[in-house]
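Only one chain comes next, encoded as structure tokens, the form predicted on its own.
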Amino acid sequence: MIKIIDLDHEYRKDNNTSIKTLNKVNIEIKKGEFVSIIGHNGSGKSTLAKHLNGLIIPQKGEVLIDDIKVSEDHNIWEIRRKVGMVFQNPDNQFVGGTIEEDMAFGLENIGFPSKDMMGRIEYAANKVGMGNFLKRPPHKLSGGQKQRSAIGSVLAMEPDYLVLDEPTSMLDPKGRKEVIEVLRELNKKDKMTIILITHFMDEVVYSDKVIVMDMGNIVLQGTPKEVFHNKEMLAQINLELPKAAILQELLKAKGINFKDEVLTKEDLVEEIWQLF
């Protein structure tokens, strides 16, 4: 389990002033959950993500990964073995000339036995749908393929938790769909704990829990349905409902009612089909 307790963070400016980016944040994430943290730029979500594997050490409050304190220096190696990070720009994450070399780099750093390395690389690559691209250099991949490869490089080291900081923000719709499908499969089939940082509302619909941040504060927290019911609060911080949910509202206004609340485009199509 991940526990975040009364976490505060301030960035210091050159003129000796500071900006508070996290304000007494409290979160619990259970193993096997798919948790989305959403908010606009400056909401504090990326700062929060970097606390989860010790890229930022807590100034006030505490972050516990399976009861191991991130604030204690001697724990950082173990924390980073447990919590894998994937960042926004896949091009900034590659260090190898091919996908295979890139996946091998992380394994070498953790002292993984050479004789077992290829099996682990192939396993991770297949998990993200990149098994046929191991000899391919990164610059010959699409954006979605690059990000799936970056996820595979982290998976090869078998973390307990996977944190993704806006992994789809630089991708086209096809690439975004590819990445989200990989994350859903890892969560549902492999029971991997996923923490997705995003500002795309339609990416959170498959989450077990959604955490909405604004100006360093948690302003909403609950299931996707519970969060989407707070349309007024979301509007105040300039977050829109997913398009499927907006369309459902429009259809309701026309007198077309559904037996259940729709979250995804697939759900909406299914509900409309059953009306005929």
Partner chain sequence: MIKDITIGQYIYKDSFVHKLDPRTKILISMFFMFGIFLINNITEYVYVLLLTAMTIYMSQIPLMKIIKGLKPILPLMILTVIMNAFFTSGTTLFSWAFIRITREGLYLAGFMGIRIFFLIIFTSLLTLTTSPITLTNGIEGLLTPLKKFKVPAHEIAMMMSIALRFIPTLIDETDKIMKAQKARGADFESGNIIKKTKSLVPILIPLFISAFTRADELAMAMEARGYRGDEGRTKFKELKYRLADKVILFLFAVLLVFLIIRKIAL
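This structure is a prediction, so every number in the text was calculated from the model and none was measured. Residue numbers count along the first chain shown, from 1.
Omitted from view is the form predicted together with the partner chain, to which the following refers.
Exactly one listed residue, out of Val205, Val182, Leu164, Ile121, brings a non-hydrogen atom to within 4.5 Å of the partner chain in the model of the complex: Ile121. Heavy atoms of Asn53 reach within 4.5 Å of the partner chain in the model of the complex, making it an interface residue. Residue contact check for Gln93: one or more of its heavy atoms lie within 4.5 Å of the partner chain in the model of the complex. Among heavy atoms of Asn132, none comes within 4.5 Å of the partner chain in the model of the complex. When the partner chain is considered in the model of the complex, His139 lines it closely, a heavy atom lying within 4.5 Å. Of the residues in 104-120, those that come within 4.5 Å of the partner chain in the model of the complex through at least one heavy atom are, in sequence order, Ala104, Phe105, Gly106, Leu107, Glu108, Asn109, Ile110, Gly111, Phe112, Ser114, Met117, Met118.
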